[in-house]
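Quick setup: one chain, the form predicted on its own, written in structure tokens, and binding and motion questions come after.
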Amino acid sequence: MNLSALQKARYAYVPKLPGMLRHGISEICVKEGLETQSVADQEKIKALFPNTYGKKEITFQKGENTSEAKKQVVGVILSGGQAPGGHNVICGLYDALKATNKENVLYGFKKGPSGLLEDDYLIFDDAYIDEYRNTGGFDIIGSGRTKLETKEQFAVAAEVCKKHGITAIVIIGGDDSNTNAAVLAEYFAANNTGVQVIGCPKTIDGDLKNEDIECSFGFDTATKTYSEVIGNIERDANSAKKYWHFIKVMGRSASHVALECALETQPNICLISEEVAAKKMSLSQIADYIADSVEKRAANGDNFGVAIIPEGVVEFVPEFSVLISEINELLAGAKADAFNALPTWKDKYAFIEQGLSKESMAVFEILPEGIQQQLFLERDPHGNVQVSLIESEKLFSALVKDKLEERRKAGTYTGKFNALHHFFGYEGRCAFPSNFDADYCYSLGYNAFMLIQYGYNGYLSKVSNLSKPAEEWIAGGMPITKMMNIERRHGEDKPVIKKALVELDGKPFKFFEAHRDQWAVETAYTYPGAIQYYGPAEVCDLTTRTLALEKGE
């Protein structure tokens, strides 16, 4: 393997643990808190998780270790999309496991949950682990999106664990993966397998958070990576003074990434999907909102700007959601074959005109032809529109261009509008983790093993007080069921971890709301620059603006 100079240097970095985990395994004890209940649907969740529901939250603190001394054989799984710091979770888990007993073993199941079902694994040793310390990516064992949700799968998992003498499984993933971890933990408990399950909170989207989980890992690094590039684009825009940059960032269900990047870089425009939904904004209203900024800046001689667009924003536009629903119905079953047989787009358009309601057709008509064709020609295996493939940054720049032409004819706009488009997503998922994520992830892994050592099952590794220096972080655990509610999925009621959307009355959004009118007109850009790993703590270890504002700092 060819190593860059930074990779060599990062190998030498020693992650900072919370204070109570720094005294050695023998001096870590447990303080139990109150019993917990789910965030909603308590009776239903309790009935589904009779063996793991209502358990107590716990905190680790300095004191005599009273856990049972026994050999531990642990399996670890990376589940879902990549997030910076995943390697350090495994490194922290491995180090705690070996510090407790050199005979302890860590299995890494390859390519996600399917590795557990297929008994495809490797056994970690010092040399292998050392190659991945403080590095980005999930290539240490790979990841996958196989869901662990059926009793047949659970039975296979139990057999694989029995075969290897595995005493615990650690699942590193987002809300769906940790929901699966909770269900697997309940199965293992109900069937007396003796296998514990611990989860770790991962997602760059930032939507796995609540009063207990202050931040999912990877969010800090990903948003800092995007913010660096957005800042570079802002500097370029302010230099060339002739382009409007429309930048789509990851975040299908929530706008945490977009909001954090806006707080870091102060662009002219940032759409927040949750606000679009709350205000029931139409595509036309959103386009007018952006066009207002373009027009006002042009009046000041500034024919340039930057707009941040969350990946999933179109799904939050009520009229667009209705349109998608009608298209899915229009192309259901044999009707899709009839549509696909039509020879030209003109013929297809006539078919669409006949099939959509008047209201939805009015929305469809204002879309650029390229987006219209995307909606009908790029569908998933079930025939549904693949909303995630819609190039919303191009959609809004085209709609804004049309609005500006109307204003030009009306005499209110005399500027120039040239749009450029970007999508920042995969660039941030495997970046070298920031010091914050390197420390946080190592702590989550180390802490996960302490939960295993003390016999907890169906718990999430929890590290809090994250806006403070690592010395003041608090380590512990919470039952995963505490985060759950019942949602309708594919026609069935399912227990799931509740996604955390941007809170419109929360401090981060309120700060943004108080400043965005100024940013829309002025060139108030901030250039955060690249992630720094070496230097003063206020440069290298700073937390996200979101977390700082939430904590009133």
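Start at 1 and count along the sequence shown; that's the residue number. None of these values were measured; they are calculated from a predicted model.
FYI, the form predicted together with another copy of the chain isn't displayed, but the following is about it.
The partner is not drawn, yet in the predicted bound form one stretch among 234-242, 448-456, 190-198, 268-276 has residues with heavy atoms inside 4.5 Å of another copy of the chain: 234-242. Site annotation in the predicted bound form: the residue of 422, 468, 147, 379 reaching within 4.5 Å of another copy of the chain with a heavy atom is 422.
Scanning 360, 100, 82, 392 against another copy of the chain in the predicted bound form with a 4.5 Å heavy atom cut-off leaves one residue, 82.
Using a 4.5 angstroms threshold between heavy atoms, residue 67 stays clear of another copy of the chain in the predicted bound form. The shortest heavy atom separation between residue 482 and another copy of the chain in the predicted bound form exceeds 4.5 Å.
The shortest heavy atom separation between residue 528 and another copy of the chain in the predicted bound form is within 4.5 Å. Residue 533 belongs to the set of residues with a heavy atom inside 4.5 Å of another copy of the chain in the predicted bound form. Contacts with another copy of the chain in the predicted bound form, taken as any heavy atom within 4.5 Å, map within 136-151 to 136, 137, 138, 139, 142, 143, 145.
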